[in-house]
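Here's a solo chain for you in structure tokens, the form predicted alone.
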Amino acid sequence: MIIDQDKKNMRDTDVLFALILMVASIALIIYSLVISFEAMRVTDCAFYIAPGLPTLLIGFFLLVSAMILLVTARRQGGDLRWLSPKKFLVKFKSKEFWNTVIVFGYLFLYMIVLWERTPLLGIHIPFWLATFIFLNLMMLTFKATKFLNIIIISGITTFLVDFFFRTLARIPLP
């Protein structure tokens, strides 16, 4: 039994997320089978050593997890009625909805625009600079702290991420 509206909202979004995750998991399973069968055809290898097996296992695990999430959310009162035009319009006008849109917009900017060649300019922005810009934008938008603190926090975080991945873990960054 759901007691408050926040829990009800969470269960409602859990239902939607579970359905999306189920579709994505099925697509991942199909993709893993396609690459496995192609590898088996080309190299004459067995299925258990084909490159798609780990992806198949991940897809299957995600599908089972999504199904459990869906059943749990439904049992606790979650549904998709909030997607009706009238109710969705209320959510569409909420601050939380637009904060989510802003975060995804910044993530798109960070991963698609800043990690590759910048559109129009055609220049490559280094990973550390893209990370620094992203962190500053996020903290400035949501007024995390004073401007000087944002610069300092972004600088230290960017340095540490770059140092740990590039130097210590020797993982190449975009």
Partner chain sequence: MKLRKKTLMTFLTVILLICVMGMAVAAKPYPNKNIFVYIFSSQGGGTDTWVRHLSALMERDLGVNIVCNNLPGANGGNGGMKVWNAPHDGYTVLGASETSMFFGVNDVAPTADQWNFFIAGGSPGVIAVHAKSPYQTIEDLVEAARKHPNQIKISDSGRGKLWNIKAIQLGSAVGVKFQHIPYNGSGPAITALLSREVDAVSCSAGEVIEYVRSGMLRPLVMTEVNGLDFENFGYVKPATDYYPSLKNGYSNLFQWLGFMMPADVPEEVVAAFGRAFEKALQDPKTDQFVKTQSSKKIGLWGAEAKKLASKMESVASWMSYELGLAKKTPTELGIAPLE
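As the structure is a prediction and not an experimental result, all values here were calculated from the model. Positions refer to the first chain, counted from 1.
Quick note: we don't show the form predicted in complex with its partner chain, though the next part is all about it.
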Is it the case in the predicted bound form that Leu19, Leu83 and Phe88 each bring at least one heavy atom within 4.5 Å of its partner chain?
no
Distance check, Ile133 to its partner chain in the predicted bound form, heavy atom within 4.5 Å
yes
Ile30 versus its partner chain, in the predicted bound form: is there a non-hydrogen atom within 4.5 Å?
no
Of the residues spanning 22-46, the ones with some heavy atom within 4.5 Å of its partner chain in the predicted bound form are Val42, Thr43
